[in-house]
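Before any questions on how it binds or moves, here is one chain, the form predicted on its own, in structure tokens.
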Amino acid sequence: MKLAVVGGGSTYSPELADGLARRSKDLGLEEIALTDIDAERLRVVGGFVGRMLRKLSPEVRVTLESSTEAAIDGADFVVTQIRVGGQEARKKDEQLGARFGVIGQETTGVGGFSKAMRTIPELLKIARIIEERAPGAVLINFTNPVSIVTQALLNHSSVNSIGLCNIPIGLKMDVAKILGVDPARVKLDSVGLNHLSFVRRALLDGKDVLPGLLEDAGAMREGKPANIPELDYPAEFITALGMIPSDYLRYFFLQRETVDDQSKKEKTRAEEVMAIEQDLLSHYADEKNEEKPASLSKRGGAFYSHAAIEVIEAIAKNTGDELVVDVINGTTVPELPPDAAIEVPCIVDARGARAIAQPPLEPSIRGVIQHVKAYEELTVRSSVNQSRRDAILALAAHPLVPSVEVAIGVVDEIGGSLGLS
């Protein structure tokens, strides 16, 4: 098996490589090909990954490629984890929200829109390379915003694409820890979009234990991602909802409070990550180091490699495991368009991932899911067509954009660099 990582200079790459190395023989892994547009980061991170694998799994080759085509050529799996514009662009996205008095975040709202518009064209270029150089490969997309990017891939390429995030598996691990059981005994029945999902059942050995978990909603805060505001859902809301909402839904359900919380912070999350990455890159650059540092956990990618390996193994070994990933809707959630990218439990085997049929969406969650999906559709359309009109309509449709004046102002500010007309 050959696995290519586009964005191989990411500080996440050693986490992924570490997990792959520990399962390499079982997976039949022969080569990890890393590629990145930043030659220096590729040298530093790739060198560290090479040292790791020489220690953990010396039979696996680590190749560093300046050419995306060379890295992807003949690959069985392609993992995409790119950040167009780097952390500096993320910082600008987060500051964009502050300037307009709305939430500043990299995967949703005006910041998420800005990032999506930069990112979609690059992912579609990568997909075209896969179509030419590795037509049978499975693309596993970690690139944020996962939901919109995966929607673009599913709608505008022929590549077998799966969107993946570490949030669902992290929540599963948290539930297992709270229950004091092996995670293999736990299944979460969730529905929605990436970073916008709701757990409707938590099954322990097939029995729904969600009502008991909701009685202690505070316990679910333990594994909260580092970039989520320090705000708790009111207990009465969780009781009324009867579900576990994604941590990212705090941006929607506690919108006013989050804007206020962000205004008080001295640094953006991007600035915090920049400092963490400098420490990580210093560790990777030291040729004496060959084990991943403990500080990697601060980067926010808990269970990152675990999530990827679950999907790779299920496909490579045709296991038919049930995993929560992002796939095309079809008729799975009838309240959404057939070509929508959704995040639900799927059967994953040699053919890829197929969504498991879902019961109707409750009115309490149907509106926000449909609302954000409409925004995502318009964003993809705007990116593909370089349409200013669709960009304005996309932002006007977003629940975190309170005024069409804000929508037009954001498009005026970033539209020129995106070539919108």
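Keep in mind it's a predicted model, so treat the numbers as computed, not measured. Don't overthink the numbering: it's just position in the shown sequence, from 1.
Heads up, the form predicted in complex with a further copy of the same chain isn't pictured, but that's what we're talking about next.
- Looking at 85-93, 288-296, 255-263, 106-114, the stretch with residues near a further copy of the same chain in the model of the complex, meaning non-hydrogen atoms within 4.5 angstroms, turns out to be 255-263.
- Residue-level contacts in the model of the complex: of 121, 101, 211, 74, one residue has a heavy atom within 4.5 Å of a further copy of the same chain, and it is 101.
- Proximity to a further copy of the same chain in the model of the complex, defined as a heavy atom within 4.5 Å, holds among 247, 277, 189, 271 only for 189.
- At the 4.5 Å threshold, heavy atoms of residue 183 stay clear of a further copy of the same chain in the model of the complex, well away from it.
- Contact annotation for residue 377: at least one heavy atom lies within 4.5 Å of a further copy of the same chain in the model of the complex.
- Interface membership of residue 170, defined by any non-hydrogen atom within 4.5 Å of a further copy of the same chain in the model of the complex, is ruled out.
- In the model of the complex, a further copy of the same chain sits within 4.5 Å of a heavy atom belonging to residue 349.
- Contact annotation for 350-365: residues with any non-hydrogen atom within 4.5 angstroms of a further copy of the same chain in the model of the complex are 350, 351, 354, 355, 356, 357, 363, 364, listed in sequence order.
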